[in-house]
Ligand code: SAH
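One chain follows as structure tokens, the form predicted on its own.
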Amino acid sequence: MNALEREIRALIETQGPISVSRYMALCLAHPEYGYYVTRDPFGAGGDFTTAPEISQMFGELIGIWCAEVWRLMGAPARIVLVEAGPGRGTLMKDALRAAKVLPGFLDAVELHLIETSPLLQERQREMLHGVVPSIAWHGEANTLPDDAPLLAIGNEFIDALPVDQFEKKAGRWHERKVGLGIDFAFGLDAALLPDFEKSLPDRLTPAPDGAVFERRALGPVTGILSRIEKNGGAALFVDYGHAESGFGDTLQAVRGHDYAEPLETPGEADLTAQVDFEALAALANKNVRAIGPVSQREFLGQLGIEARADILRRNAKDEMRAEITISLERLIGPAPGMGEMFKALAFAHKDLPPLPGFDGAKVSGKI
């Protein structure tokens, strides 16, 4: 039994079963024993590999996207560039290198990173040394500057935001919680939620018994959108999940590039749940539009990833060409590739013209 498990056990013994979101938050962000506080989980030597670690092409295209959106904004002299959950800083390093193609963009950039892990902050500091004059770190979105246009990106950021789970049993909705048996176990809170079904999309009612619905607090996103609404700008989120709200228990744990049990060895495995892109897009309003989601394959395809792969292959040594092709397939191919499961959704101030990568995408939030 590790130290975090002992602490959570004591908490449950004292206060009773805890919500799934509280369990996730403790596992991922406990200030002493949390998963992201105690380790660098990225890459072959960690627990999982994200798109920026697969290929430089991903970060490069995100950088070009940011530079082009800045141009569409009228090329303001100052732009607050934000990455939420920047990992090792790999995406941002590739993005800023590629964005040099648009004169003036890097001179306008003021870089801000939303990162709570001191260990990962140090990795980011090392990765981005000499790339930008200075970096400001934030533990939450609400401390970001609110006096300039903002461009925000978040790759595999939202899936790690804690979710609450609810289950319908015998015609009644209950919250799922984490309690104690011999080990940690899921159970249903005795309290009924009589109005819960009214909060679901109409097409999901009436729900069948056994249905599980997940809902996450999106405070970091709303903090970003409030700044876009006030000062202009855009945000891009790329993550894995479903385009429409639906039922299902999607909570999962990953350790050593393999699936693990979410309630075992807390703090030693990554915990995520699929992103509900319909719920994410619902944050749009009359001043900030939501655009998408579109598949990662479609988004990167519109940005020119295949042409970029061709250029890299032409300039690569023979042994590297096959690796570039494999990386391309991982990014845009069907399962087990990321092309369809991963999706992109953008938010844009109402005054912005259409954004690159989203031709034909659904737009919500208009008056």
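Each residue number is its position in the shown sequence, starting from 1. Keep in mind it's a predicted model, so treat the numbers as computed, not measured.
Although it is not shown, the form predicted together with this ligand is what the next lines describe.
Checklist line | in the model of the complex, the one of G267, G292, G87, P149 near this ligand [non-hydrogen atom within 4.5 angstroms] | finding: Checked against the cut-off, the match is G87.
Item checked: Of Q296, S117, Q274, Q165, the one that lies within 4.5 Å of this ligand in the model of the complex (heavy atoms) -> None of the other options qualify; the answer is S117.
Margin query: Within 4.5 Å, heavy atoms only, one stretch in 151-159, 205-213, 242-250, 70-78 touches this ligand in the model of the complex. Which?
Written below: Correct option: 151-159.
Notebook entry, point to check: Is this ligand close enough to F42, E83 and G139 in the model of the complex that each of the three has a heavy atom within 4.5 Å of it?
Noted result: So, yes: the whole triplet contacts this ligand.
Margin query: With the partner left out here, check for me: in the model of the complex, does some heavy atom of P52 sit within 4.5 Å of this ligand?
Written below: Close contact exists here: in the model of the complex, P52 approaches this ligand to within 4.5 Å, heavy atoms only.
Check: Can Y36 be called a contact residue for this ligand in the model of the complex at 4.5 Å between heavy atoms?
Finding: Contact with this ligand, yes.
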